[in-house]
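Next up: just one chain, as structure tokens, the form predicted on its own.
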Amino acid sequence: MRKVEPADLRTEEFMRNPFPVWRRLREEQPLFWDEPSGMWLLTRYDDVMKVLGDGAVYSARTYQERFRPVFGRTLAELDGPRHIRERTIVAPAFVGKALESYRPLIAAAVGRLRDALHGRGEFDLVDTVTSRLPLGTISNLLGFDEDKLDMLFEVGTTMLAGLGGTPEAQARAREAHFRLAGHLEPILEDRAASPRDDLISKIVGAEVEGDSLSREEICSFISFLLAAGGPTTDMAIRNFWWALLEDPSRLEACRGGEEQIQRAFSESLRRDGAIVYEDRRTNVETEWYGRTIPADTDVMICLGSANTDDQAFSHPEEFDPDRTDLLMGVERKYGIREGGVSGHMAFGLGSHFCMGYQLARAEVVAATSQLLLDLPSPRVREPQGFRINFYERTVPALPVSVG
């Protein structure tokens, strides 16, 4: 059999079913030169874990080119002490007691979307629910009035389109960021003077050893949250729901309660995680499989391949919420690979591990239990399937009939 070529990663067949090519890369070409992107590609579970866990060698500064033209400087591009400082300021606003205070706001966002579906026999769950729930939740968390939801949706969509896009798309995205900053300015002033129990108040008032975020940094963070955090949660929900709707027995199993929903969602994140690739830039010369990789070289890691590596998971291309080799509890920032159990890497790993992972889980559980499981006999109207688009893998739509 001939070796995998870069063109094989760009065929329509690969975009719809990448598992066979990923399998061949792991087995035969674990370090792969992808000439069109100018990056080295790593596909094995242990190799991806090593890169994500070593911020001293592998820097996230590649994201400067993608994000800075839209938001200015963001957490995504930082490394080392500066990244730890700023992450430590904002991260507590997304976990623990803070998350518990958000659950009623998540439930309210789900309730509005569920009510809007009442009496309808056919609709697309992506258009009506999954694309709107994350932004509706973020809007509630930020303390925005309900009449601002359409504005946030438009701004978030425009900024997302500008990430890595044409100069014209980047210019529109940058203008949307400044427009959002204009809306935020009086709110930030108000929360600084009179804090409330919302996300903005928590971020405005957060300090670590006397350090806090500037107004500009807060606006960049919130813009990034809307443009990057919203769509990734949207895709995580739609991928999960497609797996449930594809096989009604999986949907029925989720009626067993929250624990079963959590297990099924963990398995969805493993097999069908929305983010397929991440990239890093080497700070120093390093070596992989007998080849020297110079400093300042871009390395791409394939999360999708790592999560379906048979050296970590048995029958990895099968969807099995009852598998015993996957960590089914709360994800760990630095991963797990012990005693025959491994953690998925859909939320990343290491210092850039997704801050909103608990918020995403809370949204998925609430939307599944309070909306999807409430629909009478939901059926997919048209055949659907996953497709890779740039760094993402998702289903484009979820058209369903109910009743």
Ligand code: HEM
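Numbering starts at 1 and follows the sequence shown. These figures come from a predicted structure and were not determined experimentally.
Missing here is the form predicted together with this ligand; even so, the following discussion is about that form.
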Candidate spot 76, 233 and 354, all three touching this ligand in the predicted complex (heavy atom, 4.5 Å): yes
Although this ligand is absent from this view, report whether residue 303 comes within 4.5 Å of it in the predicted complex, heavy atoms only. yes
Consider residue 267 of the chain shown here, and say whether it contacts this ligand in the predicted complex, taking contact as heavy atoms within 4.5 Å. no
Report whether the minimum heavy atom distance between residue 106 and this ligand in the predicted complex is within 4.5 Å. no
Looking in the predicted complex, any heavy atom of residue 242 within 4.5 Å of this ligand? no
By the heavy atom within 4.5 Å rule, which residue out of 280, 177, 191, 263 makes contact with this ligand in the predicted complex? 280
Assert contact residue (this ligand, in the predicted complex, non-hydrogen atom within 4.5 Å, options 225, 219, 93, 254) equals 225
In the predicted complex, which of the stretches 144 to 152, 201 to 209, 255 to 263, 270 to 278 has residues with heavy atoms within 4.5 Å of this ligand? 270 to 278
Judged by heavy atom distances of 4.5 Å or less, which residues of 313 to 352 approach this ligand in the predicted complex? 346, 347, 348, 351, 352
